[in-house]
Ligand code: DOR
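Shown below, as C-alpha cells, is a lone chain in the form predicted on its own; questions about how it binds or moves come after it.
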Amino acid sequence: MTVDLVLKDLKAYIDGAVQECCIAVENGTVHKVGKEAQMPKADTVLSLNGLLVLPGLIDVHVHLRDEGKAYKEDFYTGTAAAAAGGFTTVLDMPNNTPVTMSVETLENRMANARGKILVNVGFYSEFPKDPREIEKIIAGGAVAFKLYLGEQVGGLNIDDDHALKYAFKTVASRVPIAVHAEDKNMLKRMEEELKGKGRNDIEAFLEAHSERAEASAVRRLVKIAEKTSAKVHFCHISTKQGLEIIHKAKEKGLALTCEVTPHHLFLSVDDLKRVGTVALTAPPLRDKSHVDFLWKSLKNGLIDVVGSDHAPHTLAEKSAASVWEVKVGIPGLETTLPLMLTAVNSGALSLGDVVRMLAENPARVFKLKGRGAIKEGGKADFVAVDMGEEYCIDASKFHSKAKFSPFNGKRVKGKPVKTFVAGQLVVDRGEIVAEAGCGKIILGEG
C-alpha cells in the first residue's frame, strides 16, 4: 500500500525512551513506527534532519476568546499560537461572552470555531442555572465543566454547597470538573477593605489573593469531592498549602488531579514586582518558597498536568491605573514548551516529565482517546523540536493577538520547529503553512 506521509531521519519519544525511527502516517493516524527499510511507500516523504519528535502536546487550560471577546483573541490566532508552541490539542475555557453554559452556547461556539481552527479544540462548559441542563451539555460534547470559585461566572450559585454537591453528583465521573480554587468571600472581603484604605497597588492585590484564599477553596472542594463521585481537577495550583491538601486527599483515594502553570514555576512575586501588571494573574505569582515546593512536587510526580492558562488581553487592559481594573492573565501557548525544554536542558526536568505532564496525563485525565503518545493506531499529532537551538523569547512575534509576556527577552534553549496535526504540517519554523479550518472539534466522551 501507499500511505500519505513518511517522516524519516528523526528521533522520537516512544514508550518512555528516545529512539531513532521513521513514522508512517495514513488518514491522520500513525500507520507504522519502525526502521526506514520497514516503511511503506508514501505520497510524501519528509526528512526531519535529526529533529526530536514528541507527541503533539495537549493544553487543557486555554482561553481562546473569540465571539464577544474576539478583540483579545480569536479561534484562528489562538490556535495559530497553539500550533506555533507545539500544541496540537487545546481545551477552551467557558468564561466567554456569552458564557458557555448551555447546549445552545456550546453548539454556537463549536460552529464559530469550525473553519477557523488550526489544531484540535475541545470545549468546557460552565454549570447551567438549571441542573437538569447538565445532562444535555454532556451529551452535546463538552469535554469538561469549569467552576470558578473566585467569582460568580456560570449559572450555579458558588456560595451554595448543597447546589455544588448536586451538580457534582449529576456529572459524576463522566467528564472532569476543573476548578479555579480561590475563596470568593475571602477575596471580596479583603478587596473591599483594601479599597476602603485607598490601596490599589500590586501589594494590595497580593493581600487579597492570599495563600489562605487558595487553601480555603481547595479544602472546601475536597470535602465536596469526598461526598460525590466527581472527578475533580484543580487548575493552576500555586501554593504549598493547596498542594498539600490535594496530596493528602489523593492518598485517601479521591479521584483528584492538579495542574500547575509555567508562570507559577518559572516566575515569583519578585518578577511580578519587577515586571509590573503584565505579569498579574489569578492566582498571583507567589514567593520563592512556594515556587520551590511546586518544583519539588513536579519532580516527585505529585503534579499531574502543566497547563498554560493562556489568557490573552490587550496591552491597555494590562496597564490600568488601578490594580483592581487590570485584566488578569498571561498568554502562554507560545512560551510553555520552550520554557519546559530549557528546564530539560538544564537538568531540572527529564524529557519524560515534559511528555507526561503536557501529553500523556492531559490525554488520560480528560479522556482524549488516541492522543498523548506516539503509537500505531494513535492520532498523528506531533511536534518536532530542536533541543539545541538557543534564542530569546520575542513577544512581538507571537501569533497570538496578545503581544506581551513576562518572559519577553528571556533566553531559552529548545524550540518547537514543526507541528503536525493529523499528519498535516501546520507550522514550519514559526510560519503557518496550513489553511484555517484544518483542526477538528473534539467531543467529550461523557
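From a predicted model like this one, the values you see are computed outputs, not experimental measurements. Heads up: residue numbers just count along the shown sequence, starting at 1.
Unshown form predicted together with the named molecule; subsequent notes refer to it.
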**Report entry** Output flag, 148, 281 and 311 jointly within 4.5 Å of the named molecule in the predicted bound form, heavy atom basis
**Finding:** yes
Report summary line: None of 262, 141, 128, 329 but one has a heavy atom within 4.5 Å of the named molecule in the predicted bound form; the exception is 329
Query raised in the report: Tell me, which of 286, 180, 109, 231 has a heavy atom within 4.5 angstroms of the named molecule in the predicted bound form?
Result: 180
Report summary line: Within 4.5 Å of the named molecule in the predicted bound form, heavy atom basis, the matching stretch of 378-386, 25-33, 391-399, 62-70 is 62-70
Query - Contact flag, residue 95 vs the named molecule in the predicted bound form, heavy atom cut 4.5 Å - result: yes
Report task. Within 4.5 Å of the named molecule in the predicted bound form, which residues of 187-224 have a heavy atom? Give them in sequence order, or say none. Result -> none
